[in-house]
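Before any questions on binding or motion, here is one chain by itself as structure tokens, the form predicted alone.
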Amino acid sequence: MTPLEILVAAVTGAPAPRIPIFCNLLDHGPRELGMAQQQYYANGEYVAAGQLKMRERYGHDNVWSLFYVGKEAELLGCNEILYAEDGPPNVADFVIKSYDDVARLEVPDDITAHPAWTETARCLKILKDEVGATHPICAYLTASTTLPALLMGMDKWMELLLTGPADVRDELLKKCSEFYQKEVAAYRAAGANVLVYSTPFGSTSFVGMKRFKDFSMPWMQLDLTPGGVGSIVYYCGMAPFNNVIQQVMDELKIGVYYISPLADLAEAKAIIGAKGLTCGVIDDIKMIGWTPEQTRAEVKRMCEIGMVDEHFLFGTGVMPLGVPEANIHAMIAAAFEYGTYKRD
């Protein structure tokens, strides 16, 4: 079976020889190709080449079309990105500097016609042509409730959310939701088949249960209802969200959950069961200081928990550049070893 077929089997519960194995090497591409970040991220061919080379090097299942999270802000008018060789690029100049800028914010009618989409499209075409029929191609999409942080900064967004004018807040959120709906349609059309819906406000670790129900859930419904939840992955950064999984399953009908390494994996698996796909995520921050043996032991522990009744995927978080290469190799090898089903 191809890695893509193995992923589909994990979602549907069909027999497969092993679990899907994801490794999110988002910041490693420039180092892989021996380039500075600014040169690497300026060309979709380089980003695609970096992803394909790393998949070949380590043997995991997935590739990414993500350049950096601030790419979404560029589609909405950001024209300055800060590059740092020891971490991911980020927004250097915010589109929204005052509440008056919210009214002036324009969502492109067709984001695929925007110059900032050109290299993303180039990257996706290469990935689709090379591995689209056999491997998962991941795209990263920021929820409407989180996108304002990229447009105005987290401090200003929290100020607007908690104490600012409600009409300004809602106008901004409506524009962000409109943008999300256009963005997810564009990624689907371009060949992405794993759509990571990044919604930190979807965790009560971030907003509390009342605000989750009254604020986060309605906006998530507005984001997701028009285009549906096919291939959508519920992802709250590394924040735990076990206590809302059942509500999300009931109200949003999402079928794939990227569980925080800070959460109880066994509890999450018990809630999701055969109704969806539980993605166990290793704590790759701790991996920076682990030995290969410690890494293998953690992979084994996770597989023993998650593989009961199948419907399980092994994955990573953001994989900082500080994770030793020996630990990445040990992790992937252990996932293949312990993630293989013992069938008659």
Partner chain sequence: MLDSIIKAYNEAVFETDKEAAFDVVNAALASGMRAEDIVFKIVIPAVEEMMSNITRDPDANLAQHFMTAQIASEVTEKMLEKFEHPPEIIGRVVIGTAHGDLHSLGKRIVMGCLKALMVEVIDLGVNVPAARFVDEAVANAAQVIAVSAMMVHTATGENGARGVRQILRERGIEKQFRIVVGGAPYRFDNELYKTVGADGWAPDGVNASRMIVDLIKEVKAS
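Residue numbers count along the first chain shown, from 1. A quick note: this is a predicted structure, and the numbers were derived from the prediction, not measured.
What comes next is about the form predicted together with the partner chain, which is not displayed.
Checking Ala274, Ala121, Ala103, Met154 against the partner chain in the predicted bound form, a heavy atom within 4.5 Å turns up for just one residue: Met154. With the partner removed from view, the residue among Met209, Val168, Ala266, Ala185 that has a non-hydrogen atom within 4.5 Å of the partner chain in the predicted bound form turns out to be Met209. Contact with the partner chain, judged by heavy atoms within 4.5 Å in the predicted bound form, is confined among 105 to 113, 86 to 94, 174 to 182, 246 to 254 to 86 to 94. Lys53 falls outside the set of residues with a heavy atom inside 4.5 Å of the partner chain in the predicted bound form. The partner chain is not drawn, but in the predicted bound form it has a heavy atom within 4.5 Å of Thr204. Contact check for Leu222: every heavy atom lies farther than 4.5 Å from the partner chain in the predicted bound form. Although the partner is absent here, Gly13 lies well away from the partner chain in the predicted bound form, with no heavy atom inside 4.5 Å. Every member of the trio Glu159, Thr163 and Asp283 reaches the partner chain in the predicted bound form with some non-hydrogen atom inside 4.5 Å.
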